[in-house]
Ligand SMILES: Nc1nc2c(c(=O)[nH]1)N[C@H]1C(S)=C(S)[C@@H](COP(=O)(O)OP(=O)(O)OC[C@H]3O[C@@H](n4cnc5c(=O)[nH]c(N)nc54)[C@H](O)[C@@H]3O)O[C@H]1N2
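One chain comes next, on its own, written as structure tokens: the form predicted on its own.
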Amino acid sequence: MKETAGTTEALERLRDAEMTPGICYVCPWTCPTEVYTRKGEIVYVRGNTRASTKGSRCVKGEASHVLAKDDNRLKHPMRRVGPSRFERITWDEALTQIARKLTGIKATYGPEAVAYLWHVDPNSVFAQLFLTECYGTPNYYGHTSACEQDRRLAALTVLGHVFPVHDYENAKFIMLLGINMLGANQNLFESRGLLAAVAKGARLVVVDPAFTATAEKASEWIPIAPGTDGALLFAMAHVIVQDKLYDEAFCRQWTHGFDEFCRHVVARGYTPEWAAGITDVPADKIRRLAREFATTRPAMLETFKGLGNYANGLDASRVVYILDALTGQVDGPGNLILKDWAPLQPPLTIPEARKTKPGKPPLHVAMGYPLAPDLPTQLLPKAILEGTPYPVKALFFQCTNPVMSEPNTALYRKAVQALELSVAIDTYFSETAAECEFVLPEASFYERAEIRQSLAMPPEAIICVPALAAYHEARPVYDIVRGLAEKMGYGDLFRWNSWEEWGRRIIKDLPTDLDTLKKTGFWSGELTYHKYTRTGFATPTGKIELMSEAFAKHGYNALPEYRDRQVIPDEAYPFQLINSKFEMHCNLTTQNNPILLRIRGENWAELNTSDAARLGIRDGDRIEVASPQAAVTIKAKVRAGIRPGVVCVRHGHGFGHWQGIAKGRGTHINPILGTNVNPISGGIGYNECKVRIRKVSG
């Protein structure tokens, strides 16, 4: 084969380079990679083609090599000495002072006054073990309430599974509501499967107020009225029940509450005609969609963040999975897959005699959210500022930036400033870090070891081997926690000669060894279907719960019901604000990446051509978007592919970043959002916002 100049150059880059398996952590989908280095420099990174993800890497991952030597990264531990003023300190000073404050807070308020918030790093399990079992706080939480909290609780209570994945490639009918698979480009391996299904003739229906990148590839786009997806779904259920299009044998054997749910949708009058007046989707179209879905095999309905961005999104998400169950379309080829997990173990074990039991319930339970799969983080400022439901005096923020990413940012900033101890652990100096007392530099995913679950369909473990020495004084979380444990009398439990020591503990139940894993980058088990026939479902009844026992136990309606969203546009604020993500950006990690900023250097607000003409707004004009909370200015993008009366802001969770090369680019939209929380899941209603618009300049 004749070599091109580009091929020759690529081969030359790889000459004598060492390969180490890695995991891309630009976003939470953790694609396995192969990292090639020479003399302490990255020369090439590619996806691991042998893993189940088949080498998939998105543009964010392709540009991530910049992270390794980015001069904007945090280099040293720092302590805040005044507004926007920090001094460099040593690791010993930082850990000594943090340990002293933790000891004092525990003595005064109890261990529950400390909470740990993290985003994507599985090494946070070391912090979990130390804080929850040694220190004694139950308050170790992720970022799910700002992401797919409603989807997760729906999946847990209906299907008994924390995170179903998708066999798109084998499906013949796919209906997606509030999920833009081809837009955010996160789990790109699934996006490939979706495109393959479409190429083979699968029918793809996208339900979204905006004409998304996924809608562009769809057989049909349904520009539904914002926040009304639940009405559409209930009406589809009504059609399937009335026309007896359900899989009765499956429902009788594998579902709980089948008869009750069927009577419920009929008695409530959830007809297509009822839904048409709410959704702006014609009744005959709703009937057709229901029948197409119910009579096509294999098929799936799915959602993600979009439905959960409204206060009524939880029950709507429940009905997504109930419809899959009614038609018997669960955990088979072309369906939602109730993924098996690799048998990974904790990296260390805390003896019972050394554990500290908390005296108070976890914060989410004390807040009145017993079913919440994660902390309702929008309510955290109340706990900090008012001591309700009990005092929170210390927070750790690892790879998370709520002062930017949460709504009502002014309130969140005030809350962080009121803490007695605040610690940011991150690769970059964030808005949250700017308000913290201590800022600790975390090693990037090129510089640390990790072993975690893959999010691909089969049970699969993936490994990240450090490819580079740590950047300046940056440390991986496991070393930060080890240092803190030493200061607080638990050092003997957090000692190891190398990361391989705890790595072997994690994989001890895998049918492979660490040396092999370090060469291949992954272990993958067999993908099996219909696992429930052997194990049942991990719900209280062992069946798919159309009528939830968990909901009933806590005094909620066991059957889902339709409610309108909380915030409705009016004469003063006539537009519904919705949000979507960029495929080129993900949170703080990408904000200072010069490659990604060249591709997408700012965000914008999309509005319909008819709305723009009425307001005298042209494409590229700057407009003011004002809510009852606050106002911001942003660039306008005028297009037909957005419902009239809707404004869609592309934000990527962070445009308008205040430092580095991203400073001043685009607009941070979250300050105009109020506090809206789902009353059961605790998920954040990012789309519960009404706004008015006016042109500012051309």
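Start at 1 with the first residue shown and count on from there. Since the structure is predicted, the reported quantities are computational estimates derived from the model, not experimental observations.
Just so you know, the form predicted together with the named molecule exists too; it's not on screen, but the next bit is about it.
The contact residue chosen from 560, 313, 376, 226 relative to the named molecule in the predicted bound form is 226, the criterion being a non-hydrogen atom within 4.5 angstroms.
Here is the short version: of 300, 394, 237, 184, the single residue with a heavy atom within 4.5 Å of the named molecule in the predicted bound form is 184.
Although the partner is absent from this view, residue 597 stays clear of the named molecule in the predicted bound form, with no non-hydrogen atom inside 4.5 angstroms. Mapping the unseen interface onto this chain, residue 413 falls outside it, with no heavy atom inside 4.5 Å of the named molecule in the predicted bound form. Contact check for residue 212: a non-hydrogen atom falls within 4.5 Å of the named molecule in the predicted bound form. Residue 669 belongs to the set of residues with a heavy atom inside 4.5 Å of the named molecule in the predicted bound form. Considering the named molecule in the predicted bound form, the lone stretch of 587 to 595, 292 to 300, 363 to 371, 195 to 203 in range is 587 to 595 [heavy atom distance within 4.5 Å]. Using a 4.5 Å cut-off to the named molecule in the predicted bound form, each of 28, 179 and 651 places a heavy atom inside that distance. Shown without its partner, the chain has 425, 426, 427, 428, 430 in segment 410 to 434 as residues with a non-hydrogen atom within 4.5 angstroms of the named molecule in the predicted bound form.
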